[in-house]
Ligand code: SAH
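Next comes just one chain, in structure tokens: the form predicted alone.
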């Protein structure tokens, strides 16, 4: 077989921010696997599906896979192993297979479980690059995320207050992914070190729910959702 399983980056939410290459691959694919989660109300939700629908990708070739939103990662890994085996089967049957992810598929994307599973089994895999959320956030705020000789640190929402304080003292620009996971720590840092500029974002690129503020009081009083990000400037 000369084809590969392609991992497609959808961008942060705005369907216009997908690359031409990624769109072309989606249009040519026989089957497209996309992640979905179950909301508290029991309804399946998927930002990836919303983007695919807006891109007018044929519904007949879209295949959802459930991603458990649970701190017990064993449940998610089990789900990824099951869908990986399904993808392997589709590939071996000769179908042009794609797997999509929001943002960039290789940047803090949990579909790396699928990528690694297939690569370990010597199945050709290809990563189609995309726009990560923090790039879209910088554009939304109208800021230069880094300039000239400035340095950038990207950290996950699991970072401790001690680690974050050390990063702040370095004078570097800091990207905090998934702020909801450390919102108490972030709010404490804002109170303790208000001299920094805290650019806060929700749902970057998603029309109707996109939100940005650099007002510290607004951040401190806000309930932080899952799709959240912060750019901290010295």
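Since the model is a prediction, treat every value here as computed from it, not as a measurement. Numbering follows the first chain given and starts at 1.
The same protein also exists as the form predicted together with the ligand; that form is not shown, yet it is the one meant from here on.
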* To do: Verify the contact flag for residue 229: yes if a non-hydrogen atom of it lies within 4.5 Å of a non-hydrogen atom of the ligand in the predicted complex, no if not.
  => yes
* Give a yes/no on whether residue 137 approaches the ligand to within 4.5 Å in the predicted complex, heavy atoms considered. => yes
* Should residue 199 be counted as a contact of the ligand in the predicted complex, where contact means heavy atoms within 4.5 Å? -> no
* **the ligand contact at residue 178 in the predicted complex, heavy atom, 4.5 Å** => yes
* Asked: 78-86, 121-129, 143-151, 105-113: which one contacts the ligand in the predicted complex at 4.5 Å, heavy atom to heavy atom?
  -> 105-113
* Structure fact -> Answer key: of 46, 203, 185, 173, within 4.5 Å of the ligand in the predicted complex (heavy atoms) is 203
